[in-house]
Ligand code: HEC
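First comes one chain, alone, set out as structure tokens in the form predicted alone.
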Amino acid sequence: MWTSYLPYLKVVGVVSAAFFVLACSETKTEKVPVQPEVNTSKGIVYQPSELAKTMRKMYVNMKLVNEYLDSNQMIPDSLLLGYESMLTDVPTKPKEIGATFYGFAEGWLLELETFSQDRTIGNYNSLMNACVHCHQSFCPGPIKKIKRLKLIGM
């Protein structure tokens, strides 16, 4: 008896699934902007800019460099490569980036080159100071974290 309703149930199932998929996809595009603010309580996922990703990579790698230096181990070259992209990465707020930022970025890259050639605690701390100087003008949030990366024992 119920088999006579089977074709209708299939159609209802397919139509319901189509409405569900469409409803979900429309909800996502309306609720998640390209650069949302961090707000996990409302389910919004933060999508960092290219420059933010580079800075996060830089922090993680410099933390490792810190650990290698602190334990007198050889620092892998891979931790010191790939930061030139900060000169071309798209920032979170492009209108706030200008010549001053690029000056800081180029200064940091010069400090990185100095550190790469002579991997001392003093040169590493100079590299961290270059980070702090830039972040005093742009995006001051991570300054405390950066300062904690400095090493004593120059």
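Throughout, we count residues from 1 along the sequence that is shown. The shown structure was predicted, so the numbers you read here are calculated from the model rather than taken from an experiment.
Heads up, the form predicted together with this ligand isn't pictured, but that's what we're talking about next.
Quick one: does Leu149 come within 4.5 Å of this ligand in the model of the complex, counting heavy atoms only?
-> Flag for Leu149 set to yes.
Evaluate Pro91 for contact with this ligand in the model of the complex, applying a 4.5 angstroms cut-off between non-hydrogen atoms, and reply yes or no.
-> The answer is yes: Pro91 has a heavy atom within 4.5 Å of this ligand.
Should Ser49 be counted as a contact of this ligand in the model of the complex, where contact means heavy atoms within 4.5 Å?
-> Ser49: yes, in contact with this ligand in the model of the complex.
Close approach of Lys144 to this ligand in the model of the complex, 4.5 Å, heavy atom | Residue-level check for Lys144: no, no contact with this ligand.
Contact set, 123-148 vs this ligand in the model of the complex - heavy atom within 4.5 angstroms | In sequence order, Met128, Ala130, Cys131, Cys134, His135, Phe138, Cys139, Pro142, Lys145, Ile146 come within 4.5 Å of the partner.
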